[in-house]
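Below you will find one chain, with nothing else, as structure tokens; this is the form predicted alone, and questions on how it binds or moves follow later.
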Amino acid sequence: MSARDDQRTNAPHREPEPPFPARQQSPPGIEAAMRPAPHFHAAHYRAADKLEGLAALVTGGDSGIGRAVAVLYAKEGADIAIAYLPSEEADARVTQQTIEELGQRCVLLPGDLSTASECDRAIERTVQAFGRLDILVSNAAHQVQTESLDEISDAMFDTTFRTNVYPLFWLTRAALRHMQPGAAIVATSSKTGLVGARHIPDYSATKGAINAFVKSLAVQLADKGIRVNAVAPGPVWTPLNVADPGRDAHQVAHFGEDTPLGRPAQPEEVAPAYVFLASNADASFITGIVLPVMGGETVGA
């Protein structure tokens, strides 16, 4: 790489800022329909073969943060399985094509991970495809904004937990049957799991549960050489947020503008944290942390 190329790589990039087009989607949302399109290619990222020869399962890998993580893992040399809802097939195909163009294999695993059997199936199909499982990224999520607790039915509360928390438990339990020393588990937490959020108390509670699970499991698995960590993003421009039925089109247009940086993160800006935590070259002594990626907002230790 020339000095000129290196300078261009390290120059600041201008990312999309609100207001965005006032367009709301029906859940679970389709990335192909978002305007502006989320950035996931990470054109300025420079890979270093940190995950060469490894195999990863990324849930919610069809779009959003999951897609960006899957693409960066592929750039680092890993083969990828992505789990997603059948209605997200079109987005999943884009992720698969991008990964294959990078020279890595990508297995598509459509299904609903809110059952233990489907989580077991996703793990087994990943191992069947690649002969191994080195990295599990539990990322798929569900949220609905509400004005008061009275608006959250028992069924809504159950759906949020069965989408956000239970799969992490079920997937991890199944993955540990195959993982070897040096493997890594990375969960997607959230700013809301650290500081709460007025309009999504059930979602915030799931992210707090994820944080506690990660810290507990990290201690339990330390002697097995398996690291467990989480990433806690602030607002990120993904289908999860534009397809929140509790968020209207005006709120979508102004999504993320209250961060110190004045905008939401793009998925490609969050994904390197997942590479860092999965890589033994970078994070071999890091386990049990929740890494905030929050656009300038801070939390206490």
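Quick caveat: nothing in here was measured; it's all calculated off a predicted structure. The numbering used is simple: start at 1 and walk along the sequence shown.
What comes next is about the form predicted together with a small molecule, which is not displayed.
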| property | result |
| --- | --- |
| Partner-proximal stretch of 213-221, 123-131, 138-146, 97-105 relative to the small molecule in the predicted bound form, 4.5 angstroms, heavy atom | 138-146 |
| 4.5 angstroms heavy atom contact with the small molecule in the predicted bound form for Thr160 | no |
| Ile65 within 4.5 Å of the small molecule in the predicted bound form, heavy atoms | yes |
| Contact flag, Arg227 vs the small molecule in the predicted bound form, heavy atom cut 4.5 Å | no |
| The small molecule contact in the predicted bound form: Phe276, any heavy atom under 4.5 Å | no |
| Listed residue (Ile185, Leu168, Leu113, Val71) with a non-hydrogen atom within 4.5 angstroms of the small molecule in the predicted bound form | Leu113 |
